[in-house]
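Below, in structure tokens: the form predicted alone, a single chain.
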């Protein structure tokens, strides 16, 4: 290897070490809150319920994202929207760029009691969307759906189109081609998008706290503990949430990796 190449690798490794340290150091510090004394926060029913709300509702969000996002991703990968393709791509990716408090306010105008759909739900069915688990899922879905669509779209794009052409020549209908060619060959991308959506939904705070402060999710509970109690209390809750999430996602990541 040439000296210039070694120097380039050395510089890149130094930069990588800085990035990895920047990411890992705050997380490592948070783990110092995992002590027997701080384990008492897990005895609180409100803390456990907030954990359950975050994990279960974010999982539901990821499932909904897969059901509705994968078909959209397939159409986008085939450029089925024609001259509106860029417009559709922009709409899908806008939630990634919008501040999540802005997203929460925007959703409130739709699903709030006086919102377009919220008013219909309240006046017709006496159901107030805000302040419910439905509102939490809606907020999570808005900010995280893009991850499923973008990941699945890239997976569909990577499929060899000659396989589709061969299946079409043999008379296979589109739904069969989608189910037997595109879905299996894009499985890892779809699963990665599912995990990213789930992870992003778990961590959502801004949009959720505007649509539904109660029932609390874990991020909202951590904020509540920070404002009502102390940094150590909120740090302990955050540490146990981090441990729980890392355990789940590392397990899923290795499981997906072994199936590839």
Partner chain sequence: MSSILLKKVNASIGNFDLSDISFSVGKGEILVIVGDNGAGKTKLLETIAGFLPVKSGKIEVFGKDITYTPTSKRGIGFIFQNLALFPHMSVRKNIMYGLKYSKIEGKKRLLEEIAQIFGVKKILDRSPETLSGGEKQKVALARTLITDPKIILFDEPTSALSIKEREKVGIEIKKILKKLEKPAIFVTHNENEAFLLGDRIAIIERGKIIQIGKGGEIFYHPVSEKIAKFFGTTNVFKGTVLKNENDSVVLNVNGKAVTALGKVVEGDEVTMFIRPEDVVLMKEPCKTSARNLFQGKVINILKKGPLIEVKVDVEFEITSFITKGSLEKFGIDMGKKMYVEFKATAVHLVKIE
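Positions refer to the first chain, counted from 1. As the structure is a computational prediction, the values presented were derived from the model and not from experiment.
Keep in mind the form predicted in complex with its partner chain is missing from the figure; the text below concerns it.
- Residue in contact with its partner chain in the predicted complex (any heavy atom within 4.5 Å), chosen from 105, 172, 121, 98: 172.
- Though its partner chain is absent from this view, in the predicted complex it lies within 4.5 Å of a heavy atom of just one residue from 190, 137, 76, 185, which is 185.
- Of the candidate stretches 154 to 162, 140 to 148, 82 to 90, 67 to 75, only 154 to 162 contains residues with a heavy atom within 4.5 Å of its partner chain in the predicted complex.
- Contact check for residue 166: a heavy atom falls within 4.5 Å of its partner chain in the predicted complex.
- Shown without its partner, the chain has 173, 176, 177, 180, 181, 184, 185 in segment 173 to 187 as residues with a non-hydrogen atom within 4.5 angstroms of its partner chain in the predicted complex.
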